[in-house]
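Given as structure tokens, the chain that follows is alone and in the form predicted alone.
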């Protein structure tokens, strides 16, 4: 009979599967930039340069260079290892983030630290992992007399099915950096000496030709404070700042701190933030870690209030993030529910404040004024359409094309649409005499700017009317994604001027009525 015995064995880890699974959590190439910026921030860099281009074989190349403290052999090991971070309380303490680089054809790291230059290369990491091989990297060390820096080059990053590298634009990058990375940090709101970086972006013309470069600070800025109002027209410009406040909750006998800062604002003030896409979807109450926004929790705002009026960020270091930092991992913990409960109390105090109540009443009054004006305009438009001698007012670009035929007869013009591609920024190719021109057909000119269409390549614009002149004036005043914009009229011809280049505008309505 076998005697009873006790054994001990340490569980093992399949290294290839761990690398593969961790890297697979990342699908968006912008996450690669997020990790790079976090590392640069932790390395105390003052300047970060990001360049993205497309190689002749169609693969994307991303290069990031910073002037931080650089890495030595141990730093390189931490960079390539999984779960081997040399950071204890900073953004990349888990040592997972840089594993996003493994989803590529090659990773090259060049860095200088303490008089030594390190050059490391890893070839085909993603291919090797999928062949159940652990990729290796080689590095060389040589003397250096230059200041410390780190330069990383990633070639052939594997995006997820839902994201194409060709979708990377200045506009999208600017939004992502401000919203999802340390580039939109609010740490300086709680510590005036918090580190600041300058982030520069340069995209290849094949990805985006609308700007040469884009540069911004890592400090997220609020719209200017404007709390006084006299008339209802002032309401949209209001912006009341709520300075930093540290909330403390007790969870299972431990104190948990929540750093909250934010503002309440009208529509015009909110539009001063660097948002992309649907503006209203960016506002509300955000949970953050390392002062980087992670998830919105708009259910902490009472149902009587519109989330789009609020922008608050609640940073809590007790929150745990998923490996790709896209979501909060410990939602089942008592910490998460305690943080939300405290935020709900905080927002209730904001909405019970006298200024907020006065602002809400003023906004309702403004809505009534706008509704009355809108109704009056609607009635006027309907009456106008009934007196147009059979000419229908277009409601979409195809109807603009139909109106163009009538315009040609009336204005003795010869502008023909020879190609129309719905959904494209320049949705039409025209013949104007014997010349082919790239054009945008829209019902109202202001729609171009509200839809954020690209204007730098246009040779002509065809519209039914100019539309909302306030939108056009504001665009001309503020500029348009780095372009200077103006509108000039000479005789019967109005033109859009983009960075000094005139784009003729054909306003059909002006000739037909």
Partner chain sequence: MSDEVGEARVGELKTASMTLQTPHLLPVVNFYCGGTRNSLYGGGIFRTIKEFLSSHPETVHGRDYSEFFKGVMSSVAALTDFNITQERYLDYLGTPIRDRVEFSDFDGGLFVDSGGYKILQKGGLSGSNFDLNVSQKAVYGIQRAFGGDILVNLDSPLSPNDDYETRVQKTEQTAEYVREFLALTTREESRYLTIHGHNRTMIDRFLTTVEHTLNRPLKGTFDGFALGSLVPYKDDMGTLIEAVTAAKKELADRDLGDLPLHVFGISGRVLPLLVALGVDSFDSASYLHAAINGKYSTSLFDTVPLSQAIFDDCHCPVCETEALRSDMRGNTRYQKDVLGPVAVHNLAVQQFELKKIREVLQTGDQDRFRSYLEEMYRDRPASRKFAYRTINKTLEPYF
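Numbering follows the first chain given and starts at 1. Note that the structure is predicted; figures quoted are calculated from it, not measured.
What follows is about the form predicted together with the partner chain, which we do not show.
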(request) Considering the partner chain in the predicted bound form, find the one stretch among 435-443, 186-194, 263-271, 234-242 with heavy atoms no farther than 4.5 Å from it. (result) 234-242
(message) Within 4.5 Å, heavy atoms only, which of 370, 331, 132, 345 is in contact with the partner chain in the predicted bound form?
(response) 345
(request) Please pick, from 322, 353, 298, 206, the one residue with any non-hydrogen atom lying within 4.5 angstroms of the partner chain in the predicted bound form. (result) 353
(message) Checking a candidate spot here: are 304, 349 and 357 all in contact with the partner chain in the predicted bound form (at least one heavy atom each within 4.5 Å)?
(response) yes
